[in-house]
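Single chain ahead, by itself, as structure tokens, in the form predicted on its own.
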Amino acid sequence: MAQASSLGQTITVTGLTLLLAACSPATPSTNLAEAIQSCAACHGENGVPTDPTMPVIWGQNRGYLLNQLHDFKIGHRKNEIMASIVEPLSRTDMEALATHFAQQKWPAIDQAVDAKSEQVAINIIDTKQCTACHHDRFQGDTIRPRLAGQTVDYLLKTMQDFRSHERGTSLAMSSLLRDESDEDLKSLATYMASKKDAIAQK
């Protein structure tokens, strides 16, 4: 089973590399199979992160993935591990990686929400109008990430980082979250992580 999965992944990467070569004058400069394996070390061989503070990237929106790789590349997002990974990547490499992971199936992670947390989260969502950007099922779009089914710990840390301005890539998010407590953010993260209807749409 593992060998078949590995072979299928190799075929996918090879086909993707050939497609990019045909469509672009610049060809990937990095061995994509090796790059994908590097990603799997943290983000999981089967799409489930090895550490819950790491995000799910399988099935994530391509444009969002590409933007994040670019932000790590130019230093707008700070993370030593990601910085070392993207440093040798060309634009074509990053496009290939974003395409590959966007085409994978979003993993179903069992993350339940209790009634109290759900009500707190719904109140925040209604007040902050979160669905205006992230949409009704929190599926995101070409530039905004899918939040439904993301790991609780990653969602919570991300919102805390926006609130503290440690993650400074969205002034709007920092402003929206500045008055929210850790407890309320945990409720919001738990609620969004529990959503599975967006996963079914993939």
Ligand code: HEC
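None of the values given here were measured: they were computed from a predicted structure. The first residue of the shown sequence is 1; numbering continues from there.
The form predicted in complex with the ligand exists for this protein as well; it is not shown, and the discussion that follows is about that form.
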The ligand in the predicted bound form: contacted by all of I57, Q60 and C133, heavy atom 4.5 Å
yes
Give a yes or no for K157: in the predicted bound form, does one of its heavy atoms lie within 4.5 Å of a heavy atom belonging to the ligand?
yes
Can you tell me if V120 lies within 4.5 angstroms of the ligand in the predicted bound form, counting non-hydrogen atoms only?
no
Given that the partner is absent here, does I81 sit within 4.5 Å of the ligand in the predicted bound form, heavy atoms only?
yes
Partner proximity in the predicted bound form: R144 to the ligand, non-hydrogen atom cutoff 4.5 Å
yes
Though the ligand is not shown, can you say which of I109, V113, A102, I85 has a heavy atom within 4.5 Å of it in the predicted bound form?
I85
Heavy atom contacts to the ligand in the predicted bound form at 4.5 Å, residues of 168 to 195 in sequence order:
T169, S170, A172, M173, L176, L177, L188, M192
